[in-house]
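Okay, so here's just one chain, in structure tokens, the form predicted on its own.
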């Protein structure tokens, strides 16, 4: 099993957590192919050297294959993939349309699946490879008015753990990172379900309060570099953790959510976002 990670494919690499992670991995001596639909250099980092911006839409299987083929032609190997691309939609479950739900899952979940599936044959043939996914504390904390975001992050969490079991015999390691509130452009980019945006909605006021509370937590949240450092630590470890929640506070929160009576957990979350 190869222990040193030198070449990394990173999705959602142009801004936020992705940009911070690209910078930190490159500082550690890794060549980072920072993929995004725009192909722009990570925000705040000019690219070049150890950061190589590339155009890659995680919804396009042909584009993913082309990107991986290009990395192999240039570097001869691919040691790790970090699946970070995603989006968010807020709104009550009743008033979020199926098409809006599909949009949430298209990039944030199916994009992860397509990217991982394209990397696995390379990892198997090499006899080594690492898969890091970015889930969320929301995977275990069912957020009101962001139920589908919680659902997609829970799907990523369990997908990664199942993948760890299936691919261990091929020398492949898997880890999912679970951030809490992070200060990035994600907050401003979050969409609200169309029906819930109307004052005629039965959930209009509740949705507004819930989203405002989330936005306040996020804008006062940790810097994206905290998540980037967590990713870097995992890639530098001989054996990655199956799951890692950055910061002691959020680690304790995840521990509590999993162990406290669920009725109490739901009551507390309801009060936090109302």
Ligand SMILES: NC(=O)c1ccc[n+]([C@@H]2O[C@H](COP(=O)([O-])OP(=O)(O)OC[C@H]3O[C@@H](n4cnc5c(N)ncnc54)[C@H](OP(=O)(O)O)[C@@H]3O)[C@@H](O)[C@H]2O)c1
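Residue numbers count along the first chain shown, from 1. The shown structure was predicted, so the numbers you read here are calculated from the model rather than taken from an experiment.
Here the subject shifts to the form predicted together with the named molecule, a form of this protein not shown in this document.
Using a 4.5 Å heavy atom cutoff, 36, 58 and 186 all lie near the named molecule in the model of the complex. Heavy atoms within 4.5 Å of the named molecule in the model of the complex are found in exactly one of 193 to 201, 123 to 131, 166 to 174, 145 to 153, that being 145 to 153. The closest heavy atom approach of residue 181 to the named molecule in the model of the complex falls within 4.5 Å. Within this chain, residue 14 lines the site of the named molecule in the model of the complex, having a heavy atom no more than 4.5 Å away. Although the partner is absent here, residue 77 lies well away from the named molecule in the model of the complex, with no heavy atom inside 4.5 Å. For residue 135, a non-hydrogen atom is located within 4.5 Å of the named molecule in the model of the complex, even though that partner is not displayed.
Only one of the listed residues (50, 218, 225, 241) places a non-hydrogen atom within 4.5 angstroms of the named molecule in the model of the complex, and that residue is 218. Interface residue among 118, 85, 71, 90, judged by heavy atoms within 4.5 Å of the named molecule in the model of the complex: 85.
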